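The data below hold one chain only, encoded as C-alpha cells and taken in the form predicted alone.
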C-alpha cells in the first residue's frame, strides 16, 4: 500500500521506495529508508507529516506516493 493511504495514528513499515537515487538520498537524509517504522501524523492537506525514529518530519505528497508500506 502507498504511504498516503495511511490514516492519522496508523503505524507501518517501509518496504520499498520507488524512485531513483536522488529521491532515495533526499529521503535518507530525513531518516526515511526501507525497513523503517513510521507513524502517520497528518496527511489531510499539504505535506505528509510522519513520526520516524522519534522525530517528526514533513515530506511532499509526490515523495510520499513513491513510498510503499506494510501495516
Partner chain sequence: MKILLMGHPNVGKSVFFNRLTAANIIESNYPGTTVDYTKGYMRLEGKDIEIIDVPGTFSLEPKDKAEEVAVRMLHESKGSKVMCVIDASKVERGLYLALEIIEQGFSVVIALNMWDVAIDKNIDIDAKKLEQILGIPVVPTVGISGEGIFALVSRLKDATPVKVEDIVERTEGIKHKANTPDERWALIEGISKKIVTFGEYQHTLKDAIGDFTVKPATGIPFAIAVLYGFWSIFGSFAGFFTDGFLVKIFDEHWLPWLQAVFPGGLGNWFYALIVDVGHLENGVLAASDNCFESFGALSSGLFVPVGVVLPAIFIFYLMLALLEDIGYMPRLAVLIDTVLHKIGLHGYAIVPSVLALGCNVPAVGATRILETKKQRFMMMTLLAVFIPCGAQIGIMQDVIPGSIGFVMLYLMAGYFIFGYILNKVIPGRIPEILMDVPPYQKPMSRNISRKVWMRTSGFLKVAVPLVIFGSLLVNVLYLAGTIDWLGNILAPMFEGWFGVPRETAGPLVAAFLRKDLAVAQLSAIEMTKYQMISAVVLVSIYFPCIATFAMMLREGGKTFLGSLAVLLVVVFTWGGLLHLLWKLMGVA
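Model, not experiment: these values are computed from the prediction. Positions refer to the first chain, counted from 1.
This protein has a second form, the form predicted together with the partner chain, left out of what is shown; the following refers to that one.
In the predicted bound form, the partner chain sits beyond 4.5 Å of every heavy atom of residue 20. A residue is said to contact a partner when one of its heavy atoms sits within 4.5 Å of a partner heavy atom; residue 37 fails this definition for the partner chain in the predicted bound form, lying far away.
Although the partner is absent here, residue 58 is a contact residue: one of its heavy atoms lies within 4.5 angstroms of the partner chain in the predicted bound form. Although the partner is absent here, residue 49 is a contact residue: one of its heavy atoms lies within 4.5 angstroms of the partner chain in the predicted bound form.
With contact defined as any non-hydrogen atom lying within 4.5 angstroms of the partner chain in the predicted bound form, the contacting residues in 9 to 48 are 21, 24, 25, 26, 27, 28, 29, 30, 31, 39, 41, 42, 45, 46, 47, given in sequence order.
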